[in-house]
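Encoded as structure tokens, the following chain is the form predicted alone, with no partner shown.
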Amino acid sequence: MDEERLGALVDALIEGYDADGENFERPRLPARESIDQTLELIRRILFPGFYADEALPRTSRRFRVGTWLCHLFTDFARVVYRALQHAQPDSPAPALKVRARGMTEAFIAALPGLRRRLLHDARAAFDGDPAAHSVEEVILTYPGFHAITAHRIAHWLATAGVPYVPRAMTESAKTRTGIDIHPGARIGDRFFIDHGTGVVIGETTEIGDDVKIYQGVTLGALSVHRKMAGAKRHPTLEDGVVIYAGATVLGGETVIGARSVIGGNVWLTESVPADTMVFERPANLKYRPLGEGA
């Protein structure tokens, strides 16, 4: 590319930035790489036997975990500060740094509770899947567990008011698993996503305890208009609900009652009472030997 063409392209891009109102003076967001690295460090702290490629002997365990927590505090406080600074560019930097450190301390203090909830999720996956050989296998290999780990971390941060970072974490998990859970979704204990690929759980979804869903399930909104922002747009699943592969449940007023079962490929936009099974009529299939005409 010659210098003249290069210069013209540069000018065109800069003109586009200016036309779009791009504000280069605004503090930049934390890099996605930094957020991903922080998420991996959190996983290591929660489950060191699975995500840490180093031994953790009893004699040095306290030192190692303490070191990890110190690194997490330093790195994550910086990430949170960058996110806050971008969201609130007119706020004084010292005040934002204090707030970021406070949020990070509170999050680190919540790690033991998050770990207990995740162990319950892993146990639910083991109990609900005859193909699972152990809870350890679930933690190490199951995409549903990977996605719910990212979600529980991201949901805590979103509830605490950390901008940008929670969504980046769940998007990272979606890239690896094909499971899209908005950090705003409220999910109860012992949640299990079996297989997982293609699952979508919207921002205002509410899920009770002991719920199990399969691949291709969508818990979505009936309307995606911008004016619906902040409203309850996604369904509620009460305790013990099972939703089979390919089912779609839509709408903020749609409630699936406790212990109900939604069959595969069902399309629902209305509430279902507790202890109900919903299924499609079997397809009208035709069989003929190979080689016969239509």
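Only a predicted model underlies this, so the values are computations on that prediction, with no experimental measurement involved. Note that residue numbering begins at 1 and tracks the sequence as displayed. Basically, rigid core = biggest C-alpha set you can superpose within 1.5 Å across the two forms.
Below: the form predicted in complex with a further copy of the same chain, not depicted.
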{"property": "Touches a further copy of the same chain in the predicted complex: T197 (any heavy atom, 4.5 Å)", "result": "yes"}
{"property": "Partner contact for G178 in the predicted complex: a further copy of the same chain, 4.5 angstroms, heavy atom", "result": "yes"}
{"property": "Contact label in the predicted complex: R259 to a further copy of the same chain, heavy atom within 4.5 Å", "result": "yes"}
{"property": "Contact label in the predicted complex: H182 to a further copy of the same chain, heavy atom within 4.5 Å", "result": "yes"}
{"property": "Those residues of 1 to 19 which, in the predicted complex, come within 4.5 Å of a further copy of the same chain by heavy atom", "result": "M1, R5, L6, G7, L9, V10, D11, A12, L13, I14, G16, Y17, D18"}
{"property": "D11 C-alpha moves between this form and the one not shown by 2 Å or more, core aligned", "result": "yes"}
